[in-house]
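First, one chain by itself: the form predicted on its own, in structure tokens.
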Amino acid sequence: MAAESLEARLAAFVGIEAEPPRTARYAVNEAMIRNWVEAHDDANPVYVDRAAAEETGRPGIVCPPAMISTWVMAGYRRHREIHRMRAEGVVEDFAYSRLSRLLDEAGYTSVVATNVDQTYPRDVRPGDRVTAHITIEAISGVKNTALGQGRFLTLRKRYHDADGELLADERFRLLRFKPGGGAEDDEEREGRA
């Protein structure tokens, strides 16, 4: 029986949940909002001044919309754990981990974020507990880029509050590429397997 092609194996990931839902470790809070706006030198008063926020018709301060993903970040300890497991060849029991392993094996070992598109149905407010539901939306064919041959991945991230209300809808794209130009194409690699 012929081995399944890389294209077919990648296509099987499209449309499925990337990983279990990610719930924020902490509720949205004023301290983290203030740290964010100071780091970004964002002077919009609706993020830090209750009276200014109320003048706009809001019930109080709100979170900068672009901050949405920070609430569900797992932290640096988890980041190091993921890289350690990847180096050891450990695959976690969810689709994105299996996809990453498959791409590593095909030579697409490097990654760079390319762009993010977001929409915000409502303001995120202190006290909200954010959960992200992440789906693998698309995987491109091989593209020749300035970094080398690569494939673009689109992850759809839908952020909800504790009641399930949609807070933000995001498409996050990244490029997995073969470092050093990656001249060998996937058919050549599969032919050696």
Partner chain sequence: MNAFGVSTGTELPPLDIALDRTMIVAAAIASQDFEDVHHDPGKARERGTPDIFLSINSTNGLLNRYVTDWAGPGSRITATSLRLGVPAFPGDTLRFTGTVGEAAPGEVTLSITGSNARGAHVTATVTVAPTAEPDTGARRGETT
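This structure is a prediction, so every number in the text was calculated from the model and none was measured. Numbering follows the first chain given and starts at 1.
Just so you know, the form predicted together with its partner chain exists too; it's not on screen, but the next bit is about it.
Screening 29, 144, 56, 140 for any heavy atom within 4.5 Å of its partner chain in the predicted bound form leaves a single hit, 56.
Contact check for residue 97: every heavy atom lies farther than 4.5 Å from its partner chain in the predicted bound form.
Proximity of residue 179 to its partner chain in the predicted bound form: non-hydrogen atoms within 4.5 Å are present. The closest non-hydrogen atom of residue 161 lies beyond 4.5 Å of its partner chain in the predicted bound form. Though the partner is left out of this view, residue 83 does reach within 4.5 Å of its partner chain in the predicted bound form, counting heavy atoms only. Along 71 to 108, these residues reach a heavy atom to within 4.5 Å of its partner chain in the predicted bound form: 73, 75, 76, 79, 83.
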